[in-house]
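Laid out below as structure tokens are two forms of one and the same protein chain, each shown alone and named structure 1 and structure 2.
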Structure 1
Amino acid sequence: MLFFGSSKKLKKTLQGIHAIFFWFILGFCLALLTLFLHLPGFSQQSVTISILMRGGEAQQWQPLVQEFEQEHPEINLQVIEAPNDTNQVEDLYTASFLLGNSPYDLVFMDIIWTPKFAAAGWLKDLSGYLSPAELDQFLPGDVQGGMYQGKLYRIPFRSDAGMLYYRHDLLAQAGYEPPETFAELITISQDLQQQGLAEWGYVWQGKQYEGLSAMFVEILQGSGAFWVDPQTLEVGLDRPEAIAAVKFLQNTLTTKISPSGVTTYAEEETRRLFQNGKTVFLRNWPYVYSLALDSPIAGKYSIKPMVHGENQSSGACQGGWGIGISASSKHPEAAWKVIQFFIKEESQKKYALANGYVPSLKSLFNDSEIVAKYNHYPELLKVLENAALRPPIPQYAQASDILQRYLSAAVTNTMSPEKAMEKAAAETRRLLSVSDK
């Protein structure tokens, strides 16, 4: 009996120990769980933010994507590769928005998409996300290109603008300063051709495509003319100043400072002529500068703002890409964190140094490391400060198509400048009138 009693007491003692141990383990597990839930990455569920980009640039983004995810482990940034053709990327974005609930949280936009996407209600209004002082750090043309009807929908990431390239060695040899006006460019070109210093004087993008519209925006501004006033929707293509702008382009062909084939040239055809030493002047974009460093004219060329008419101002067609937030995004706060990371000075600097793209922050144009690699950046800043925007209207694509058709007809002499611009203006007015109803 004594042994039996001791056995019962031992059993109860063991049960008590087991219970204490159970509650101790449970408490320990709960404490560990609480600790993990308060660690970064456990305090909230991981969020995926997606963005669609042209294939080549999507690859170039990867180093910054990895840095972002290390800084923000709670956000998975998914960069979806699209074709390299810009129009195809726009079509893919448009199709996703039209279907509703676009899978893309962020929208990587060419500057000319902003009004179309904003007017359709596809973008989140970002006004107020950055203070006026913060916005002032960006190139003014880039900021303006992200606005629609007074609201901000696109934050600049990288910039672009048209400019005049010139052979400073040839000008110095002939005793000329770089031209400021249309007339000076023609005179210098003719003289250098007559001296046998260059085969051609000036090349520009005359093919019937978007590049023709972009180039013409600069000639319009330099002539004191305009295309479409975005506030009033007034069309200025048939005004005397705009017709004079067309006649300048026509004159480059009649004087033979431009080859007849220029009406079929895009950026690359004109770049190759300049790099191969065939022409004195070239209208093109910043990308040409770095490529020409490895060419027969290395060290022999410079850049400047585009020429213009007497008593008029230079214009640099504003290009570039920026980032917006899809109105249908379920994670706009996380999407904004992505934008903040990519637009900061450190990120733009790394991207510019690695890939040669032009940043949108003014401070970087005089950054010592960037200038050491791209010594033309201080001059490039002067070009970018003379921004000329293509009309920020929702119907821009259709308006550009109209201008391309009639401008091409004028420079190929199938229609007079007066008739071509009258028809272009009339068709543009009908487009805006129908769209406005």
Structure 2
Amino acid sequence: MLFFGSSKKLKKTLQGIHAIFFWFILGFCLALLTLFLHLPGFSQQSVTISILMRGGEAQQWQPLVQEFEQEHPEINLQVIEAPNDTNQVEDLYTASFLLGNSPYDLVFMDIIWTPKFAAAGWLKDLSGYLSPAELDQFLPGDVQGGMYQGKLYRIPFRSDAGMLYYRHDLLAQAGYEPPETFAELITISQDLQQQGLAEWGYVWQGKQYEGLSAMFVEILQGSGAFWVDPQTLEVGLDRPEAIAAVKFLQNTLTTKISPSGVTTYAEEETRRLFQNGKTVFLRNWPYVYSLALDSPIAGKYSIKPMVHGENQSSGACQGGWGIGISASSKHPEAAWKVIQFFIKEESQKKYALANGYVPSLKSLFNDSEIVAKYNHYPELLKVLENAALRPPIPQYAQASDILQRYLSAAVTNTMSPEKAMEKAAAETRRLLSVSDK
């Protein structure tokens, strides 16, 4: 009986404790919720925006990524590293879009991808996101490279153009002016090699990849030749001037001004040879300039527009990288905030000063801090003004693949320049006529 009585009491006490506990937890949760709702960053749901980019550059983005996240605690910017060759990154993006549900909100795009990605419907139309006056602040070639059929799909982040680097100390020592023509480049190289001033005369990107096509566009332009006319889709690769352009590359190997290894070199291999003082001339992009400031040849090199044939003019391949938004992104507003942050003058300036890349905003070419660090900028602007486009057609990736294969066959002596260009032209015509139907 006693036991029965005290168990009833116990039950009541327990019920009381439960009730107090329940109200306490509820109150605590409500207080937490109110706190979270008032904290900056918790008031909006945090989103993750992802972007895929070449490994080296992904690292270089980090300081700006951190700054962006501090400014926008509601956005987590995830930079995913890819291999360094542009076509490998393009393949990864392409595969993700073809499979559907691409994990990438932003597309860090080489200038040559725009027509293909836009035509496939993978990119959001960004026309009207910037006013005409705002767009006018960018270098025109870079804006043009983001357009497809009158619409804007890619906002330029950094510009690029191919150029000739030369050792002004060695040229002065041997009494030469910098070369203007292909023939002068060969003669000066041979002479300096014979005098023992350098092991090699000229290094260029001869590996079978996109860099080979980019470099060849400059030799084509300097030979008065063309690859594909984007308006008429006419193919010029089997014309005598284009064959002469291939023969110039072949001559650099037969005269031994270029090492046979160039047929396997991309940008970085050629940069290292130049920085280590092994060659007089180098074809490369502007990023080399700042890296070589910290090398044994510091203060001994200059840049100029690429050499060309007699009575022809220089061509600089227009390169460059910009940012687009995936059509499938679930967070296009947050993605646009990332673009706005990265393209603004302050960010581009920091990026250029830290990494030597060329800004896409014209104003920065006269910025005192940038010009103080990179006194080659006035010369660089001249190079950019002569920029030659790789054909802006949706089938560009396949056309470039065809050119790379046959050009590689010619420079490695497995096919004559005539045969190689005849085949490249025929295959390109087939590609363009098939995809035209």
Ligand code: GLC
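The model shown is predicted, which means the values in this text are computed figures rather than measured ones. All residue numbers here follow the sequence of structure 1, with the first residue given the number 1. What we label the rigid core is the largest C-alpha set whose atoms superpose within 1.5 Å from one form to the other.
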Looking at both, which one would you say is the form predicted together with alpha-D-glucopyranose (GLC)? 2
Superposing on the rigid core, I want to see if S213 changes position between structure 1 and structure 2 - specifically a Cα shift of 2 Å or more. no
With both forms fit on the core, has L126 moved 2 Å or more by CA between structure 1 and structure 2? yes
Which angle, in whole degrees, describes how far the smaller rigid part rotates between structure 1 and structure 2? 21
Once both forms are fitted on the core, what is the Cα shift for P156 between structure 1 and structure 2 in Å? 2.9
